Every structure is written in structure tokens, then in C-alpha cells.
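What follows is a single chain, given as C-alpha cells, in the form predicted alone.
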Amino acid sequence: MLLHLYAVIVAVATAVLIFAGGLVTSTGSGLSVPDWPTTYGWNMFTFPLEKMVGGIRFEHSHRLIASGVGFLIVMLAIWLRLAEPRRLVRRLGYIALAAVITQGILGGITVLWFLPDPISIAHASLAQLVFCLTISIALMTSPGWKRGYVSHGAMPDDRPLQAVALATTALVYLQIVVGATMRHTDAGLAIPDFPLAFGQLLPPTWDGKIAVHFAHRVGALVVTLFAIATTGHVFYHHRSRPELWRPSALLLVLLAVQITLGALTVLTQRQFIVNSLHVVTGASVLATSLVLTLRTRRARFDTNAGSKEQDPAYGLPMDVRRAGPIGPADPIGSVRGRA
């Protein structure tokens, strides 16, 4: 239980980091601190607070938060290595650690190379994957996941739901990548009105920035349709499964908020708080869709190759528990006899 709570804290901290990164981009503060890993020659952790003014406040705070999240993920990977019996979950911890290290390196390169668009976009996109990894670990260490949500009957193996939920999650991530491309190529106001484009349904003129911006709007429509298809399937076929309809309801709420924030970002001329909230809400939409997707596939994890998932009641691997009851006289021999 403590491991799960710690994993939740790490996931929340990662969301805060994404918001802080959004503030850096939205305020144009990416080069307010021109050196890395130092800050104007100071050690990052000894930089005087009174010098944190203007854009330095956003960029340096982002670095400090990133360092804190990196440390939390290091501790999470170590904790999983020592206490987590499931190989898959331990590997997620290792991948999260490698991803956050790569994320830090990309952040440094972004500054040292003066914000090249491809590196900046990769930095923003990888941040979302780090968040997804921490969310996955928090989910898989939760009591409900370990029990297999059996309190409401066996989890249905609904293949159509699994497919549409996975497609929705993939499309949300693609939409976030397009959004990152739009922000880092300064295309956020390439179409200055909403919901129309230059007063028309389609832009009357086109260039690269207008195309990226319009693709982001079209992507929002596609994601909305897939999210409605996913949640509609859940509400119609699995109303008795709270582990499915709760994230479905949250997904619809967050999606409505995200679309509203996207419209306000344009209408307020990219006001930095609104824009940053748009970034972190997009990450929340992705995380919620991912949780729903993983829960639809929960039954498959029991038979995952190489996974030694512990039975919460008996402390035995689930593949052993499925073999049947163990005799009291010689439990070890009984298991061996069935092997």
C-alpha cells in the first residue's frame, strides 16, 4: 500500500512538472537561463532566490521541479526492484528511470542548442510518456488492480472495447505531439479565431503553421469522436463495472475542459496560465484514457509471459494458485508433482 501511495505521489509530481514546462513555453522563457546544468554559473540548487525574476523564475523553477521528479523516480525504481515481485512492473520502473534521464538530457540540449524545434518537440513528447509510465506504475500497484477487480465479478474480455480504447489513447498521444509541434513552431495563433478559421470553415490560405494549427483542431474532433465511442461502449455494456465507467466519465469531463481551454488559448491570445492548463489537462486526458485502456485488458496480465503476479490472499504466484489447492502435508511436493 505504501508503494502505491508513493507511486501516486510520483505521478502527481510529474503532472506538476508538465505544468511547469508549459509555463516555460507559454512565457517564452526557454532561454532565460542560457547555461546548463548550471544557472548563470551557479550550482542549480544554490542559485539565489532573489535573482529568480522574470523568465528566470519560470525556467529555473522548471529545472528544480524536474530534478525533484528525477530523484523521486530513482527512488521508485529502487523500491520496485526491492519490493515488487512482478517483473513487468519492475521493468516499468526501469523504463521510467531511463526515460526521465533522457528527458533531462533533452532539456539540457534544448537550452545549449538554442531551442531547436525537433529537440523541443521531442522533449515535450517524452514528458508525456514519462507521465504515462508513472501512471501505469501507480495503477498496477493499486489494491484494485492486484485483486483483478473481482468484487464485481470477473473482468470481461471485451475485445472491441480493448481495441477502441487503445486507439483512443494512441490518438490522444498523437494529438499531444501535434500540439507540441504547434507550440514550438510558434503556430499557436496561426489561426487567430475560433471556432472558425479566418471566419470560414476551412482556412482560405495555407502555410506550414496554418496547416499544423488546423491539424490540431481536426485532431481534437477525431479524439472526441473516439472518446465518445469508447465511453459509450462502456456505459452501454459495462454499467456495473465502476473500474470502467468511472474513468470513462472522467475522460468525458476532462475532454470537455480541454476543448474549452483550447478555445480560450486562442481567444485570449495564448494567455500563459490558460495555455499551461491546456498542456497539463491534455496530459490528464491521456492518462485517464490509458488507465481505462489498461483496465480493459486487466485479465490478460495474469497470464503475461514471465510475470509472477502475487496473489494478495496467499502470497503465491498466480500461476501456482491457478493450479489448484495445495495439500497440507507437503505443499512444496504437491506443487512439484503438478509441474
Partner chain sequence: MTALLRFSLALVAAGSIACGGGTPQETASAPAPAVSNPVDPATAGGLTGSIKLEGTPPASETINRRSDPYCEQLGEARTQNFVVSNGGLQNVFVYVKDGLGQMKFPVPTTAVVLDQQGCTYAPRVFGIQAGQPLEILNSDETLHNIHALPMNNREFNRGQALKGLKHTHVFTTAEVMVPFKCDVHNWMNAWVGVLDHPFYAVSGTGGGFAIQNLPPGTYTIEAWHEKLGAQTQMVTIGPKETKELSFTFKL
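Positions refer to the first chain, counted from 1. Everything numeric here is computed off the predicted structure, so don't read it as measured data.
Although it is not shown, the form predicted in complex with its partner chain is what the next lines describe.
- Of the residues Tyr236, Trp206, Phe114, Phe71, just one reaches its partner chain in the predicted bound form with a heavy atom at 4.5 Å or closer; this is Phe114.
- With a 4.5 Å cutoff on heavy atoms, Trp42 counts as touching its partner chain in the predicted bound form.
- Of the heavy atoms in Leu31, some are within 4.5 Å of its partner chain in the predicted bound form.
- Taking the partner from the other structure, its partner chain in the predicted bound form has a heavy atom within 4.5 Å of a heavy atom of Gly55.
- Although the partner is absent here, Lys51 is a contact residue: one of its heavy atoms lies within 4.5 angstroms of its partner chain in the predicted bound form.
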